[in-house]
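Just the one chain here, laid out as structure tokens, in the form predicted on its own.
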Amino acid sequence: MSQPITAADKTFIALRDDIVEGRIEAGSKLSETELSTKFAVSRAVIREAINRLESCHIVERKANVGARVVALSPQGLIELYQVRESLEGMAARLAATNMTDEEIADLSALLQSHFDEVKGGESYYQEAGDVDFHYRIILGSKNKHLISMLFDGIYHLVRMYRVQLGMAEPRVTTAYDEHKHIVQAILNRDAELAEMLMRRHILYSKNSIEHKLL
């Protein structure tokens, strides 16, 4: 991901991370005055950051209410994950064709580095960015429109559900196994199988998170 350059970029990234990681609660109202004090920037910078967060789908504006962080709900999860399943399934299909042998080897190495975490029974959680398994596969699709729809569109809202509601055993171990099978399908250049496994993997993740919202 691009490095923050301006004060506006830094504010946007800091505010986005606070929302995604739950330091600013889902469903809470955003006050330009309070945020400008907190981040020591002008209200105009905060307004710009809020506009950008709205396009990431993690903030919404309502008449007579103003800007709020989106609430995490079962219906919101279902709709988001229907789109995610379709787009990331397509990304896995394209990755099986378009990733270089070196990129696939790096993906396998990344997965191997997660093995000890899973073996130790620790939460199988990867930080967003270059180390994230899904991030590598989306980039590996080499389709700029698809990458933009996921990263600039729904990716931060997906992270918000994942980070705040997460995965617990036994989902941790099964998610790792599913990742392993997806990598194998990509390694075998089996685009159809890679897509099917990714779609199924995301459906299972959705079911796991949904239980925590009910």
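Throughout, we count residues from 1 along the sequence that is shown. Just so it is clear, the model here is predicted, and its values are computed rather than measured.
What follows is about the form predicted together with a further copy of the same chain, which we do not show.
Asks: Would you say all of R61, E85 and K142 touch a further copy of the same chain in the predicted complex, counting a heavy atom within 4.5 Å as a touch?
Replies: So, yes: the whole triplet contacts a further copy of the same chain.
Asks: Quick check on this chain: which one of R47, R189, R68, H181 has a heavy atom within 4.5 Å of a further copy of the same chain in the predicted complex?
Replies: Looking at the other structure, the residue within range turns out to be R47.
Asks: Based on heavy atom distances of at most 4.5 Å to a further copy of the same chain in the predicted complex, which listed stretch, 181-189, 22-30, 35-43, 142-150, is the contact stretch?
Replies: Within 4.5 Å of the partner lies stretch 142-150.
Asks: State yes or no: in the predicted complex, is some non-hydrogen atom of E79 no more than 4.5 angstroms from a non-hydrogen atom of a further copy of the same chain?
Replies: Yes.
Asks: In the predicted complex, does R16 have a heavy atom within 4.5 Å of a further copy of the same chain?
Replies: No, no contact at 4.5 Å.
Asks: Is the gap between H201 and a further copy of the same chain in the predicted complex 4.5 Å or less for some heavy atom pair?
Replies: No, no contact at 4.5 Å.
Asks: Quick one: is I104 in contact with a further copy of the same chain in the predicted complex, heavy atoms, 4.5 Å cut-off?
Replies: Flag for I104 set to no.
Asks: Just to spell it out: taking the C-alpha atom of S73 and the C-alpha atom of N64, is that distance smaller or larger in the predicted complex than in the structure shown here, given it changes by 3 Å or more?
Replies: It is farther: the C-alpha separation of S73 and N64 rises by at least 3 Å in the predicted complex.
Asks: So the C-alpha spacing of N64 and R47 changes by 3 Å or more in the predicted complex; is that change toward closer or farther than shown?
Replies: Between the C-alphas of R47 and N64, the gap narrows in the predicted complex (3 Å or more compared with this form).
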